[in-house]
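Encoded as structure tokens, the following chain is the form predicted alone, with no partner shown.
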Amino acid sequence: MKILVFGSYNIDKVYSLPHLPDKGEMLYCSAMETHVGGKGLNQALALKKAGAEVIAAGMVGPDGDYLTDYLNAGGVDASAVGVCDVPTGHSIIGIDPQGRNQMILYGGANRAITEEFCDDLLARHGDADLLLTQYETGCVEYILKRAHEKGVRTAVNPSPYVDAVKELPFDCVDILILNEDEARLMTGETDEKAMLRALYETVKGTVILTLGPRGSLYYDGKETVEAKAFSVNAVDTTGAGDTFTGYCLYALLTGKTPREALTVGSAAAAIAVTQKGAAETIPDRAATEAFLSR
């Protein structure tokens, strides 16, 4: 199972706060940590830990060796991550004692990707079983169209959400995976089932909707499947959605039922939120299976 992850690769600065700031409020933080991050990096590692063969693709700056070394050490093939003169993307993340976060993102090298880069990438890896992408990089629309033309199955996590997400070529998307806030902004709906139906009409493919502590939903135009979330003491929710995405997608692609896929994704995410960080907290397959067997 070969999965091509076209995504972002960031350096995360994480600040522990007494609470999330209000407009104009200045806060002192009690601690600051540096972590590897970016939705592309997180999802690539989650897929690898779930059991997939993963090729990471994207762009970093001259200071990005730290990220590609981390990917390679985790068993992800980072040879398709290019290097440009623009600084590597980074994020500033504030976390409150309940694990909730706010984030400022600088795209950097992630936004320097060109159409030529995408063409070369698909020329070398057009045999992938799936292309997974998000919305933190440049050329997302272009690579989806080109992958679709080549017959490569595609999955999109339209995050972070901006209005331009609505302009994505959804007729080129086979699997859409997103959270309830993103779904509400995309559809204007507030009811979860109405969101699912509206999203399905947009993509005509599989829709997976995460609901935080209330679980997750799957809809493919024929059946709606629900799965509960696991109750844990959340310390940091950063990267939880990426962990869920990687594990859930791999389970679906390897023949698990929708309910099984939602459940394993929820289990992996539950483990991840009990620790600080993003990529570093993604559990391996053995830990996830042990959690499920309790």
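So that there is no doubt, residue numbering starts at 1 and follows the sequence shown. These numbers were taken from a predicted model, which means no experiment stands behind them.
Same protein, other form: the form predicted in complex with a small molecule, not shown, and the subject of what follows.
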query: Can all three of I3, T154 and T245 be found with a heavy atom no more than 4.5 Å from the small molecule in the model of the complex?
result: no
Among the candidates V203, V165, L105, C84, the residue which, in the model of the complex, approaches the small molecule to within 4.5 Å (heavy atoms): L105
- prompt: Taking heavy atoms only, is T88 within 4.5 angstroms of the small molecule in the model of the complex?
  reply: no
message: Since only the chain is shown here, I'm wondering whether A272 would be in contact with the small molecule in the model of the complex (any heavy atom pair within 4.5 Å).
response: no
field: 4.5 Å heavy atom contact, G37 to the small molecule in the model of the complex
entry: yes
- request: Check whether G239 has any heavy atom within 4.5 Å of a heavy atom of the small molecule in the model of the complex, and answer yes or no.
  value: yes
statement: Here the chain appears without its partner; judged in the model of the complex, the stretch of 231-239, 264-272, 50-58, 65-73 with heavy atoms within 4.5 Å of the small molecule is 231-239
